[in-house]
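Quick setup: one chain, the form predicted alone, written in C-alpha cells, and binding and motion questions come after.
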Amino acid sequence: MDSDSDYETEIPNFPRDLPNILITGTPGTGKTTTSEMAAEATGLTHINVGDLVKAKSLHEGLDTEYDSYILDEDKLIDEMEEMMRPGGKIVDFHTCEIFPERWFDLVIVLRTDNGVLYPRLESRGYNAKKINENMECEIMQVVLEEARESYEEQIVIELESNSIEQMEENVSRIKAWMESWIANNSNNKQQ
C-alpha cells in the first residue's frame, strides 16, 4: 500500500446535513457572480477565498509583478478547516488543487470563451502579462485539468459561463443538484 492510500484512509469523513461546493475557474469566468447567485438560490454560505486571504492576512505579501497576494496555503487551509466541516458552503477560488478532497461534494469548473474572457480581464485593469497568462490558462484548460486530477471524476462538472443567462442556468443546475444531494443524504441518515 502506498503512502497516499494510507493517508486517505485516515482522513475522517464528517457527516454533514448540507453539501460543500467548490466553484473554480480562470479569473474572469464568473466565479464570484455565480457563487453569489447560487448562495442566494440555495441558502448556502458563500466563501470568497480571495477576500478571506486579504481579510485574515493568509498570505506572504504582495507579488508586485502580478499585483496579487502570495498565498500561504497552510494558513488558508488551517483557517478554513473548521468552517468547512459542517457543510453548507460555496467556496469561490481560481485554483482548486490546494483544498482537501474531503471538503467538497461538487466541484464546478467555469469555462469562458476567449472573446468574452479577454474584455472581462481588461475591464479589471489587469496588466498585459497577467491577462496573457490567464488567457493561456483558460485555453490550456489548466483549472479543469487540476480539478480532474485533484477530485473524483464524478464530482467535477464543467459549465460554460459566457453570459448572465448561462450563469442563471448554472445556478438552477446547482440548486437542483443540491436538492438531490440533500434527499439522497437524508435517506442515508435515516437507514
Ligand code: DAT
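Everything numeric in this text was worked out from a predicted model, so none of it was measured. Quick note: we count residues from 1 along the sequence shown, nothing fancier.
The following text describes the form predicted together with this ligand, which does not appear among the structures shown.
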Please determine whether each residue of T42, T45 and I182 possesses a non-hydrogen atom within 4.5 angstroms of this ligand in the predicted complex.
no
Spot the stretch among 54 to 62, 150 to 158, 136 to 144, 28 to 36 with residues whose non-hydrogen atoms come within 4.5 Å of this ligand in the predicted complex.
28 to 36
Does this ligand get within 4.5 angstroms of any non-hydrogen atom of A128 in the predicted complex?
no
Counting only non-hydrogen atoms and a 4.5 angstroms cut-off, does I164 reach this ligand in the predicted complex?
yes
At 4.5 Å between heavy atoms, is K75 in contact with this ligand in the predicted complex?
no
Does this ligand get within 4.5 angstroms of any non-hydrogen atom of R102 in the predicted complex?
no
